[in-house]
Structure formats: structure tokens, C-alpha cells
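For reference, the chain that follows is the form predicted on its own, supplied as C-alpha cells.
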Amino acid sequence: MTNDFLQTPAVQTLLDRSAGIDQPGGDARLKAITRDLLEGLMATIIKHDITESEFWQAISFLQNGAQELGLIVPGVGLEHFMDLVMDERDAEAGRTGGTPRTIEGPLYVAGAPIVEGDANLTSDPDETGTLRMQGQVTGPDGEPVKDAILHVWHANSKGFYSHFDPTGEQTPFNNRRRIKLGDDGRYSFHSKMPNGYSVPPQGATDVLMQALGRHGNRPAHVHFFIEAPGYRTLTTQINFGDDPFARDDFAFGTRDGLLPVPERDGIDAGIVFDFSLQRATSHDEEEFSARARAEA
């Protein structure tokens, strides 16, 4: 069987009807996207001679692994691909500069406490050392960004995030804060040292990674959103440059310019990292994406 089969009247009619092309209502853009997605899946079935059993095994995997889709999407590179797409669109529009964007991941929680000054992110005791991080948020001309809010979140020393911790040991918003910056755009915070982690053992993502001959490990890292009036909202994170998985992040979160090496003093560490924002060209660029996010 060849891809010519896709062009037969039976298949083309099926695609039109499945995507609602033959119906007057609905969203025209969604119809076109749905049709192309379905045709792409059908082409894959033909190209690889996928059997009925393999087809239903894949459906079963997706059904059983639905709760881990937030990990599977970055794990197979789709979330990083969206970053590459947005980078290319910026390049085509002549927009350059600024701190690189990178994946958000599925573990942000809305509504973290707003604090000012040298913020303490950690509300739970932990056995590891202290991370201190500081720097400045500037605009494209080096100007301090005023009225910025720096969202920060990271895992604890066991590699678990509050709100998602399977042990239930963390208090709400542990290692999560929104830091209101002053007119100088400077920030500083301290917290207990985050650790890298792996995807849940025997979970859907782990099963898929093993089947692909890959690991499911992330290096120690810290996530950030930065929002400020007149500037493009930035989604990014830093990976600890001395972590064994710093350049082998299963979620493809590693990007040049986002790999600071902590200055270590025993079990404590410090990082100085500055952020540079692009100016917004529309109000939409000052907003967060429409991604669904957890709330405490």
C-alpha cells in the first residue's frame, strides 16, 4: 500500500466529514488543522504498515498515560519544537536579542505569594544546602525594567515540586514565589538547594522513554516567568551547568545562555544571572499563553 491510497475518494471523503469540512458551522481554522492532523496520522499508519493491534496498543497507551501528557509532550520534543518555531518567527520578523526562551514544563502553580526584597522561597525544612540567586532584569537597551514580577519555582532536594509531591510532605507554595522588583530591576532570593529528578518510575513517560532507548532525567534547574508592562513576557529556566544531565535534559530544556555554573561553597551555592526582555509590540505579548495551569 502507498500514500496514493490517501487520495482515494473514500479516504478523502472520510477526512472531509471527520473534520467537518462538509458542514457549514464550526471554526474554519480548526477544521483545516484537524484534517491535516488526521491525514498525517493516516500517512504514518500506511508508511509503517501499522497493524490493528499496534494501533490499539497506541490508543491504550495514550488513554492510560493521559495524566502524564504534560511530561510526554516535552519528553518527545514537542514543547521545545514550539520554542524553535517561535524563535524562527522572531528571526523572520527581525526580532533578536533577549534571554532565550525555553520550556515551561507542567509543574507551575498559579497564585504563589507575592514578596519583595531578598525573598525566601522555602517554607519547609530540608536537609540540603542553600541556593542564593541574584541578578537584574533589563530591557533591550540595557534599561532596568520597572514594575516587573519574577515568578520562580523549583523542586526540593528530593526532586519533588510542592502541589505535585507524591509524599505529601511539602506545604503549599514551597519553593514558589512571585517577586515584585523595584525600579532598578534587581532581584535576589534564597531557597533550599533543588535537585534533579527523573520521570515517575513505571509511569507512561518512563515506559515510552525506555521503549525509545532514552532516559527520563532532568538536571537541577529553576523555572522563571517574567512579566512587566511594555515588555514581552518571558518563559525560561536555568539548568545548573555542572549537573551531569545539564546538556542531556530529557525534556530538551537546555539552551545556550541558560547554563550558569553555580559558585559552590560546600553544600551551598550561588548564581548570578541577568535577564533581558524584549519590548512588547502588542498587549497580547505581555500576557501568558493560554496553557492550562494548576491552581492550589
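From a predicted model like this one, the values you see are computed outputs, not experimental measurements. For every residue, the number given is its place in the sequence shown, counted from 1.
Beyond the structure shown, there is the form predicted in complex with 3-methylcatechol, which is absent from this document and is the topic of what follows.
Engineer: Taking 3-methylcatechol as it sits in the model of the complex, is Arg176 in contact with it (heavy atom to heavy atom, 4.5 Å or less)?
Structural biologist: No, Arg176 is distant from the partner.
Engineer: Within 4.5 Å, heavy atoms only: does Pro106 come near 3-methylcatechol in the model of the complex?
Structural biologist: Contact with 3-methylcatechol, yes.
Engineer: Even though the partner isn't displayed, in the model of the complex is Ile238 close enough to 3-methylcatechol, meaning a heavy atom within 4.5 Å?
Structural biologist: Result no; Ile238 lies far from 3-methylcatechol in the model of the complex.
Engineer: For Gly139, is any heavy atom within 4.5 Å of 3-methylcatechol in the model of the complex, or not?
Structural biologist: Taking the distances in the model of the complex, the answer for Gly139 is no, it never comes within 4.5 Å of 3-methylcatechol.
Engineer: Just one stretch in 181-189, 142-150, 71-79, 128-136 has heavy atoms within 4.5 Å of 3-methylcatechol in the model of the complex, so which one is it?
Structural biologist: Heavy-atom contact with the partner occurs in 71-79.
Engineer: At 4.5 Å by heavy atoms, is each residue in Arg101, Leu234 and Phe273 next to 3-methylcatechol in the model of the complex?
Structural biologist: No, because Arg101, Leu234 and Phe273 lack any heavy atom that approaches 3-methylcatechol to within 4.5 Å in the model of the complex.
Engineer: Go through 190-213 residue by residue and record those having a heavy atom within 4.5 Å of 3-methylcatechol in the model of the complex; state none if no residue qualifies.
Structural biologist: The one in contact is Tyr197.
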